[in-house]
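So this first bit is one chain, no partners, the form predicted alone, shown in structure tokens.
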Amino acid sequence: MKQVNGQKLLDALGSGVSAIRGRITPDAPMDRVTWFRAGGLAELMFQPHDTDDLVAFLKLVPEEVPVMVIGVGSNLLVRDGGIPGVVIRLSAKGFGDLEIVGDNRIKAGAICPDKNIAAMALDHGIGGFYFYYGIPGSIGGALRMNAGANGGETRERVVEVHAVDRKGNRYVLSNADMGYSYRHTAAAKDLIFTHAIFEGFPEDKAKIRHDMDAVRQHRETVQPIREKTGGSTFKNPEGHSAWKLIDEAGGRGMMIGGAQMSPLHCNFMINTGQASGYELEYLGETVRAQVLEHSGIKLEWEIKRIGNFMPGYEIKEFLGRATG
């Protein structure tokens, strides 16, 4: 079902849009921008030229219109009914900066790929960023979900985060303000992160390169990195590995339509061809239900699911089974 209100919403923003420098696209296909290559349309997509442009645009959007921000689309599952309101997709030109700003400090734009900050840290002998080499996403997403891998986490490196809220107000948040915990931040959900400053420590380049090579080798060996995937599907429950729970419950290689739990790493869900958002999410909830029945453990989604279900294709959590 296609969205047909994009132009109507654009018109409702008024004449002020003429001063906006970024790209505004009504009825934007989300399957072109997410790594799963699935999902419906965004009613209106905005790609701001820079932070000032983002602030100006947000001031035009009526308070009742939903606003959602996405990064490179790596950890995102869009439902087939599409996304109402405005989707903000940060541009590499305006939000992809990366620079050294002090001793062992790096400033990174929100759309900067995680692996790029790891590479810059290596070039300057700054330790503590090797783990970013193995995370297939951008800094904005890493800030929002406290992304981590191979023994490192975002919260260990953050000094301050710059953000804009729904009304176009600007903020600077400290590490403590972010309220980090496992794969989570307590920062307000309407905040759009624009860039952040990180701090590492002096380290021998050979040691950094060794650690990054280990991360790369691990990914290439055990993860389906060349597939249409969203990375880790579920969070690791305390004291457990999600993939082991899925494997023990019979989820490895499971398929629903074109969606599959990877035979290589069964906590990675992949689109084998033309899977719909419905098939991908239904597979995920089937796996959650099986793990709950087998082990009594409730897996939590790590992938962010957004948008509306198609009418008649709604999916209940754990497929509607009792969860205690």
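For every residue, the number given is its place in the sequence shown, counted from 1. These numbers come from a predicted model, not from an experiment.
Only in words, not in the display: the form predicted in complex with a small molecule, which the text now covers.
Taking the partner from elsewhere, Leu60 is found to have every heavy atom lying beyond 4.5 Å of the small molecule in the model of the complex. The small molecule is not drawn, but in the model of the complex it has a heavy atom within 4.5 Å of Gly231. Taking non-hydrogen atoms only, Ala118 never approaches the small molecule to within 4.5 angstroms in the model of the complex. Although the partner is absent from this view, Ile70 contacts the small molecule in the model of the complex, with a non-hydrogen atom inside 4.5 angstroms. Note on the partner interface in the model of the complex: the residue among Met145, Ala249, Leu122, Ala187 having a heavy atom within 4.5 angstroms of the small molecule is Met145. Interface residue among Ile106, Ala242, Val158, Ile135 relative to the small molecule in the model of the complex, by the heavy atom within 4.5 Å criterion: Ile135.
Of the candidate stretches 234 to 242, 206 to 214, 74 to 82, 249 to 257, only 74 to 82 has residues with heavy atoms within 4.5 Å of the small molecule in the model of the complex. For the three marked residues, Arg183, Ile192 and Phe268, a heavy atom of each sits within 4.5 Å of the small molecule in the model of the complex.
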